[in-house]
Ligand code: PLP
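Okay, so here's just one chain, in structure tokens, the form predicted alone.
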Amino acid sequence: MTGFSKVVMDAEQAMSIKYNTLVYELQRRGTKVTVMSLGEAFFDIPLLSFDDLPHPQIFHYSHSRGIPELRERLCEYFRSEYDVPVDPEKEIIVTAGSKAAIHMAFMAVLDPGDEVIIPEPAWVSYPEQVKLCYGKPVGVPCTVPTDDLERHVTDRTRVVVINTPHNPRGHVYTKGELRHLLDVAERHDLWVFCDEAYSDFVMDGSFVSLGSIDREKRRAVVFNSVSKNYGISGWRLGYVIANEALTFQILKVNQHLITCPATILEHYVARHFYPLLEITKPQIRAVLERRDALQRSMDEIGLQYLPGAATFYFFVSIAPSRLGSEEFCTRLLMEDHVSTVPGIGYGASCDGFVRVSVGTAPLEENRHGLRKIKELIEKTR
């Protein structure tokens, strides 16, 4: 029998996608599910005109860095919103989703056996992407503060990867925390990969882009997502910002794996960039208000969660349930038709949690889901 790659055999499914697939299957059979597992916010987005897009260019390959018009819009936005200087010709690549950008960046900097430090709870794809690049993910337990990450650096460490605002806990890294990580990177000759896919889901001015501190991008590699911030996750548009030398290495990988993002979608977003922001920004504010209301609801019914104030996620404790997070989420979905994501998918130290997303369902449906989580905890304590 023909064999399979060991590195792929050893990789895990993305836990969030695994459970969302179960949701889709239940919905196809007509089951009503309270969806608190999807990693996106549902916005009311009108379909803007495609009529003024350049024809016939939209049917053909685009520049492998992404069309110049979209790169320029994104660089303008980063300068004006986050005080990050970006050269649209040399320091940015538009990709088919930021997930692909992160993976290609790992490919560009890792050799077999190199280590990547990943604070837990970690977005589900970081450790598996590292393994798929023949590297070694080093998960740091969720109890370890940012100031202590340096203790996990070895002579094989190449990257520290963080997410701010954070999926799944909603934490926003402070300027002091980011400076500390850059200092560690300088001392040990490391990259800091900073996934900022939820940057627009911070409305209180607390968000700091790593690129605004490391303005020459000596250590900083920044990833962001058109898909998340514009509520168009199915369009798979993201980007990476890095120095010219690293961007060129990522570009080679991009050319061999993707060639370019979908040209028609690049032109659409470039043409309607600011009108889309005018549509989505107020809806982001409404999602954050819903988050605040549901945080109060959890406090009222006694659900515990890790602290955080941004995104549309909570990382909710299931203690004192006797169940592991996978069994808990499976029972919650199959018995109560409420979908969440097991905490074990976010690291070995996180089996006592579930990720709850409040971006897709209405407020009362989310409250219903939270009550069902509390009831299952009590049933299984």
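Counting begins at 1, following the sequence as shown. The model shown is predicted, which means the values in this text are computed figures rather than measured ones.
Missing here is the form predicted in complex with the named molecule; even so, the following discussion is about that form.
Listed residues 263, 227, 209, 280 were compared with the named molecule in the predicted bound form; 227 is the one with a heavy atom within 4.5 Å.
For the options 291, 99, 158, 272, the one in contact with the named molecule in the predicted bound form, meaning a heavy atom within 4.5 Å, is 99. For the chain shown alone, residue 167 is a contact residue for the named molecule in the predicted bound form, at least one non-hydrogen atom being within 4.5 angstroms. Contact annotation for residue 163: at least one heavy atom lies within 4.5 Å of the named molecule in the predicted bound form. In the predicted bound form, the named molecule sits within 4.5 Å of a heavy atom of residue 198. Mapping the unseen interface onto this chain, residue 123 counts among the residues with a heavy atom inside 4.5 Å of the named molecule in the predicted bound form. Considering the named molecule in the predicted bound form, the lone stretch of 91-99, 135-143, 291-299, 249-257 in range is 91-99 [heavy atom distance within 4.5 Å].
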